[in-house]
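Below, in structure tokens: the form predicted on its own, a single chain.
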Amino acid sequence: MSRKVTITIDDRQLTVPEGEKLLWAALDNGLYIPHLCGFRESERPAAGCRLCFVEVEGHPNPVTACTEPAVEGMVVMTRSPRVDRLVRTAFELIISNHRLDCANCAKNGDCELQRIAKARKLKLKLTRLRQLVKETPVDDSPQSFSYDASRCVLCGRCVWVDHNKAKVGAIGFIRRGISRKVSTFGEVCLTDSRCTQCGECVKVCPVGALTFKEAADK
């Protein structure tokens, strides 16, 4: 049994397992921290979405909650001018490369981007940045689900479950920089890849990139 430590998050004193990442310590106690790539089962958080910044007393700069372990006496703030500025910028960068069409998205009402926007009073539209997303064909080849790359937020959850849970290895990250995306080897359609259509990738997608066709039909 892991040792317990006492930490404070947003003036609430919590008892959590020593070494528990701050993101899970907060979420398990009803304190919401925005996140997309944070995945509890992953031993090495990617910290790629840059949405889970928090301030820790004694640290010179904000840290990502998905990578920072809890230690005895830690004092954490999930909101501050610096944190809010970082989260807002990260959010805007993400939606600048995300096809915003909530009304026609199967995940409308159950989307992590919508939840983040509501929690932090952010707009689901661009004001400072220009739209970068390119129109890409939807891969509708699987029988039960579809993949719309223009809605992908590069959180990596689908890649993780494909490699570590389903153990198939059909998808992965390709290219770099602004061209980075999730795809199959050789960028073939999913039915021409190693995909077994188990649907595990769809279950963990936080947005409308991977959706079951029955949900889209409703």
Partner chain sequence: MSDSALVVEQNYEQLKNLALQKHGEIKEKPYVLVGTATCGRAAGALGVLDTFRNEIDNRQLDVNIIEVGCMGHCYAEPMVIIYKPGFPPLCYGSVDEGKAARLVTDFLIEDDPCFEFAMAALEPNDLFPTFGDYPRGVYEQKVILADCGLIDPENIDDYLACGGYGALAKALAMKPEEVIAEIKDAQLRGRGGAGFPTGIKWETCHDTPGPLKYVICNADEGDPGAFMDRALLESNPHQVLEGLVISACAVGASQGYLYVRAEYPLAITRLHTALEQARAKGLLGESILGSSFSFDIEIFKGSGAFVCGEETALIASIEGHAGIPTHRPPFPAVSGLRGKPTLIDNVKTLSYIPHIVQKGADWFKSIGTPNSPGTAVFALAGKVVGTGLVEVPMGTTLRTLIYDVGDGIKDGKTFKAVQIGGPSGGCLPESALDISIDFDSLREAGAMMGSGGIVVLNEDDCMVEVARFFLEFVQNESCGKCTFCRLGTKQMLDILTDITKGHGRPGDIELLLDLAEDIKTGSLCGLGKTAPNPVLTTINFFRHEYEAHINEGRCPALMCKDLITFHISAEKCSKLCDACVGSCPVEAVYTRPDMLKAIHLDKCVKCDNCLTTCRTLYDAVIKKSPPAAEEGVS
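Positions refer to the first chain, counted from 1. All values reported here derive from a predicted model rather than from experimental measurement.
The same protein has a further form, the form predicted together with its partner chain, not shown here; the description that follows concerns it.
Partner contacts here mean any heavy atom within 4.5 Å of its partner chain in the predicted bound form, and among 140-148, 106-114, 127-135, 72-80 they occur only in 127-135. For the marked spot (Ser42, Lys165 and Cys189), a heavy atom within 4.5 Å of its partner chain in the predicted bound form is absent from each of the three residues. The contact with its partner chain in the predicted bound form, taken as any heavy atom within 4.5 Å, belongs to Val153 out of Cys158, Val54, Ala26, Val153. Put simply, Ala90 is close to its partner chain in the predicted bound form: some heavy atom of it is within 4.5 Å. Its partner chain in the predicted bound form is approached by Cys49, whose closest heavy atom lies within 4.5 angstroms of it. In the predicted bound form, its partner chain sits within 4.5 Å of a heavy atom of Gly177. Using a 4.5 Å cutoff between non-hydrogen atoms, Leu86 counts as a contact of its partner chain in the predicted bound form. Applying a 4.5 Å heavy atom cutoff to its partner chain in the predicted bound form picks out Ala90, Leu93, Ile94, Ser96, Asn97 from 90-125, in order along the sequence.
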